[in-house]
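Take a look at this single chain, the form predicted alone, given in structure tokens.
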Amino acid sequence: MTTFLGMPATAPRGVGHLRGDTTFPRAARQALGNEQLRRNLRHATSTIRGKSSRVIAELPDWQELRTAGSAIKADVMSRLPELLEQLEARVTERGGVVHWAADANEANQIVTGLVRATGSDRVIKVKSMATQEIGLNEALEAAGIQPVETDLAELIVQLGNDRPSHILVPAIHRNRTEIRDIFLAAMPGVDPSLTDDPPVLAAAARKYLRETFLSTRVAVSGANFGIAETGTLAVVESEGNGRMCLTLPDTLITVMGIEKVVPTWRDLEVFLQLLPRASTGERMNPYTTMWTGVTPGDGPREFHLVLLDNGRSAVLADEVGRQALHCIRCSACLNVCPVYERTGGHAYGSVYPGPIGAVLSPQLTGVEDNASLPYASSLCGACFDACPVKIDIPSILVHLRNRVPHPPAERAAMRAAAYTMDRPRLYAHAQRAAKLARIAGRRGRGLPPPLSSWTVSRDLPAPPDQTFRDWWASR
């Protein structure tokens, strides 16, 4: 099946992890009651913020780098079809095979078919937001193929039958005692006397993963960047598990969102300075692995690149919302967001949590399927200040709120307000009547039923003792 950019379709329902089972307000209320979760999040996000701030302060041209990153991403979006075709041509020239996937179902079918063709019943995986987005693990398991996550945090999430709650640190909601208990319950061959000392936990994971690396012939990865001019793919990570996955197996399958392409190596230089400082608070990523097609005698003998749309063309079609496709998955916006710090990632219901998830997920699925997410923000603007590619998340949130299907009662109330404000005499009567609101609702700052649900989390401004009209008339 041929995929054409510019024919927007949202991500299909019933597959993947872009839609939650409940609305954000309900999920957030439940998360707020988990004190351990809030302690874990507060400690982790404050630690990452501090590290990031220190290394960013070392660069006198940080703002210029941000501007450059934003400009490169805007250029990519303006000529995305051209760059993707160039990437395809270069990958093919170097012995790779490029597959185009319109949505999650197509991508899962392609990857499952490629793994089956190798005769393998197990794959090792590099941490990948795209494969989580499409529910690849579930598709592989349904086909009788065992996926093994090799990123330590992703492994913890997988063994605990859990869901990621952070873009960069998927197990941020777990403390070391919980991790020990997960390893004891689910990790094959673990020492029953395992303690919760971090080096001991890391050693147990290393032993298990090294055996898996050496006995698995197929790997699945994501990609942080794809360079159009050479067909080179790049993965950055901190543990070395990615390097093992990308070099040891016979077959490598990479699933990459179409927005991850960059034009040239010079453009990649900008992002390799922005990403580590904004994400992990490091000057450079400990492991940066790059590969171009297939190299005889070095690395995998087969390479497949799956280019994934899954709603991205629909995002691209929105002149305001397309900024969300600039995201380089650094998680800086999560680490500064007061809402995320208190609720965690699970409340968002999507593999993309936090401020970027609140603007990306509704656009990928269609805003009606994630209607509460654009309201998962106080619009404080901290995310915009932290974003290394200057995504104006608050403006996109407001834009999406205007597209959210509003309940009939709310629409009726807004129509009544517009009707009243358009008629001066009626508006004057309404101002006088509004003074009665001082004795209605909680502490006189709410509205009476049935409008009271609107003021459960908002204070209605108290009407003044004297309106402007009254003041004017008295003079």
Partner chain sequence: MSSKDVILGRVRAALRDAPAPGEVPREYRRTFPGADLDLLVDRLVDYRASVRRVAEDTVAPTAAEIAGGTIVVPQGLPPAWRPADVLVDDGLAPDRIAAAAAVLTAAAVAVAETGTIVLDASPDQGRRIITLLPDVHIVVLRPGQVVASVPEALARLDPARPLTWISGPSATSDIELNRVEGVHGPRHLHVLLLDG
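Here the structure is a predicted model, which means the values were calculated and not measured. Numbering follows the first chain given and starts at 1.
What comes next is about the form predicted in complex with the partner chain, which is not displayed.
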query: the partner chain isn't shown here, but in the predicted complex which of G381, G240, G95, G160 has a heavy atom within 4.5 Å of it?
result: G240
task: Could you check which residue among T118, Q146, S395, N175 gets a heavy atom within 4.5 Å of the partner chain in the predicted complex?
output: N175
- request: Could you tell me which stretch in 348-356, 137-145, 318-326, 371-379 has residues with non-hydrogen atoms within 4.5 Å of the partner chain in the predicted complex?
  value: 318-326
message: Taking the partner chain as it sits in the predicted complex, is H429 in contact with it (heavy atom to heavy atom, 4.5 Å or less)?
response: no
task: Mark L214 yes when one of its heavy atoms lies within 4.5 Å of a heavy atom of the partner chain in the predicted complex, and no otherwise.
output: yes
field: Residue contact check: G33 to the partner chain in the predicted complex, 4.5 Å heavy atom
entry: no
Contact of R26 with the partner chain in the predicted complex (heavy atom, 4.5 Å): no
field: Interface residues of 49-80 toward the partner chain, as seen in the predicted complex [heavy atoms, 4.5 Å]
entry: E58, L59, P60, D61, E64, L65, T67, A68, A71, I72, D75, M77, S78, R79, L80
